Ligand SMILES: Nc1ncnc2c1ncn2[C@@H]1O[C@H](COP(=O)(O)OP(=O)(O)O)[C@@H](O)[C@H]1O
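Consider the single chain below, provided in structure tokens and representing the form predicted on its own.
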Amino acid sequence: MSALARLAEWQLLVVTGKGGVGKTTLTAVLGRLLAGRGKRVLLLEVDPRESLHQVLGTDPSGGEIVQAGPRLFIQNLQPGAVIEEMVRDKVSIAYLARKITESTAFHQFIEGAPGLKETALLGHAYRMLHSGRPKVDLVILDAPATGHGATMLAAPGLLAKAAEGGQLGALAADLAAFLADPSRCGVVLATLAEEMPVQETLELIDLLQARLGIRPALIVANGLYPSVDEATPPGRSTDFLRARHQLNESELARLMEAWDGPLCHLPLLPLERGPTLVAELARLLSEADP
């Protein structure tokens, strides 16, 4: 089975990697590609700066679900708003729910409870898969960078232990079991073929395995510089491109020496960040599917 065919079988994909390596663009590319294969896909973003709508050419989410194409939706999430929504769902009397969410104790609890914010975000993804509107088959989470992404995945298990015996602990335990199921959830890593991104990717592979028992489903090396024909006359631009390509090749070799799983290469393209770039990268990723 190809890597992309395997991704299409899951319900939750978590995309993470070092900041600045194209993680959000890769999230959009995977969403478009898998929606094109018949899946109903929701892309969740947790960065308050909201980038997904720019990449896909839609209006900003502002917390709402926005359609970004056939069978493709995006939503920006903030932990506080998600937790307040959970309270309103559980407390049927609007006045009481408002008193709870406006209280100082409630906001102190949000800030102090270990893993609560991260669990709330992942719990939203879980609810969207099982009872959300619109109905979706797959959620792709544009997760925080590198180690913070691993911390998010570990959060439900930590909260389940901290709140053991209560309703919140039971919900966290169910979510932790869902995330640990390799038939339903997976992790995709984005990187650049440069020294620091590759090093952080290798460290994240080890961290995910040691802390969560997770092996990434796919690594995507973004923004690869093209090779330069040997007959091309030397010059400032030519020398720069040749040096960047050689660096990419060296770092890819280092990555492949340590990683024996699926690895895709995506080139640096002379296109503005937006829907045209996403469409072209989706085509190239499909062709490169290992």
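The numbering used is simple: start at 1 and walk along the sequence shown. For clarity, every value in this text was computed on a predicted model and none was experimentally measured.
Just so it is clear, the following notes concern the form predicted together with the named molecule, a form of the same protein that is not shown.
Peer 1: Tell me, please, which stretch of 254 to 262, 57 to 65, 24 to 32, 234 to 242 lies within 4.5 angstroms of the named molecule in the predicted bound form when heavy atoms are compared?
Peer 2: That would be stretch 24 to 32.
Peer 1: Indicate whether the candidate residues T119, A176 and C185 are all in contact with the named molecule in the predicted bound form, with contact defined as any heavy atom within 4.5 Å.
Peer 2: Not a single residue of the candidate spot has a heavy atom within 4.5 Å of the named molecule in the predicted bound form.
Peer 1: Closest heavy atom of L277 to the named molecule in the predicted bound form, within 4.5 Å or not?
Peer 2: Contact with the named molecule, yes.
Peer 1: Does the named molecule get within 4.5 angstroms of any non-hydrogen atom of G69 in the predicted bound form?
Peer 2: No, no contact at 4.5 Å.
Peer 1: Does the named molecule come within 4.5 Å of any heavy atom of G36 in the predicted bound form?
Peer 2: No, no contact at 4.5 Å.
Peer 1: Can V14 be called a contact residue for the named molecule in the predicted bound form at 4.5 Å between heavy atoms?
Peer 2: Residue-level check for V14: no, no contact with the named molecule.
Peer 1: Suppose contact means any heavy atom within 4.5 Å; which members of 269 to 284 contact the named molecule in the predicted bound form?
Peer 2: Residues within 4.5 Å: L269, L271, R273, L277, L281.
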